[in-house]
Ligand SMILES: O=C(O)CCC(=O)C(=O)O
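Let's start with one chain on its own, the form predicted on its own, as structure tokens.
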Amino acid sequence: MTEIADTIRPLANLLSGDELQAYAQDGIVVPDYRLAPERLAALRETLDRLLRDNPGIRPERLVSAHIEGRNAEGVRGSAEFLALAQDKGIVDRVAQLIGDDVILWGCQIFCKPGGDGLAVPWHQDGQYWPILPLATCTVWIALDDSTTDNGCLRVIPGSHRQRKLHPHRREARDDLVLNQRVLEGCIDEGSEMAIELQAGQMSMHDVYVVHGSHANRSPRRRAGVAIRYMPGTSLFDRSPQHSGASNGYLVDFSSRPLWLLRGRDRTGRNNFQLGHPTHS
């Protein structure tokens, strides 16, 4: 608890003291924040275009969706999601949780079609990510209403407090978005909390919190965008062993572009040119 509490502080008109306390206590918070209706509508149109532009990729696996054109991970993305990730109101809130040095390193669409949207097993994000020391705040923005009926995010509140990764086991199943699951007995599944969001709302969760979601068996789509931010005190490790399809789908961390949105890179080792398009 001390490590989290030392990095968070209230700012006027942003995350309130109660919201900061909820994040420290539960590892997740739904802030008093909502996208403007016109922006939400524009992002939904962009998502529809991305779904058309990526017919061979499951809509739950649109990784690096903020990179315009076809990225190194085979997805055709849009700079409109990059603009969303750079939104001052969002970044200000992230800075309250991870500090003034904010690096954008990822953005993924999780879109569960009605009737066959894939499940996400109980997991911790840090199991998959090459960040040293491990630290990330994920902002999950609902582009559709996200409810228990259509497979909303579920979390085990407080499962982040020990600041450690639980053992995971690999599952070779086609009905899961991710292929690693927290071992049975490591968490109290009876304490799970459903994070229901209206379209335009967002949640913010810690890298260690255990979370997942059920399959979408309803007729209604459930789409959201997960934006990943790390503090400037962490290194994005580009070692070759972190890239490939071991997650269940292709990721290329070796050339993943980073954006320094605020402050500075305290490690002095993060590369902010790699993976970005070059201009003559």
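Just so we're clear, the structure is a prediction, and the values are computed from it rather than from any experiment. Heads up: residue numbers just count along the shown sequence, starting at 1.
In what follows, reference is made to the form predicted in complex with the ligand, a form of this protein that is not presented.
Interface residue among Phe110, Phe81, Trp105, Tyr208, judged by heavy atoms within 4.5 Å of the ligand in the predicted complex: Phe110.
Residue Thr138 is the only one of Thr138, Gln201, Gln96, Asn179 with a heavy atom lying within 4.5 Å of the ligand in the predicted complex. With the partner left out here, the ligand still marks one of 224-232, 28-36, 45-53, 66-74 in the predicted complex; by a 4.5 Å heavy atom cut-off that stretch is 224-232. Remark: Val155 does not count among the residues lining the ligand in the predicted complex, judged by a heavy atom distance of 4.5 Å or less. Although the partner is absent here, Ile195 is not a contact residue: none of its heavy atoms lies within 4.5 angstroms of the ligand in the predicted complex. Residue contact check for Asp144: none of its heavy atoms lie within 4.5 Å of the ligand in the predicted complex. For the chain shown alone, Val120 is a contact residue for the ligand in the predicted complex, at least one non-hydrogen atom being within 4.5 angstroms.
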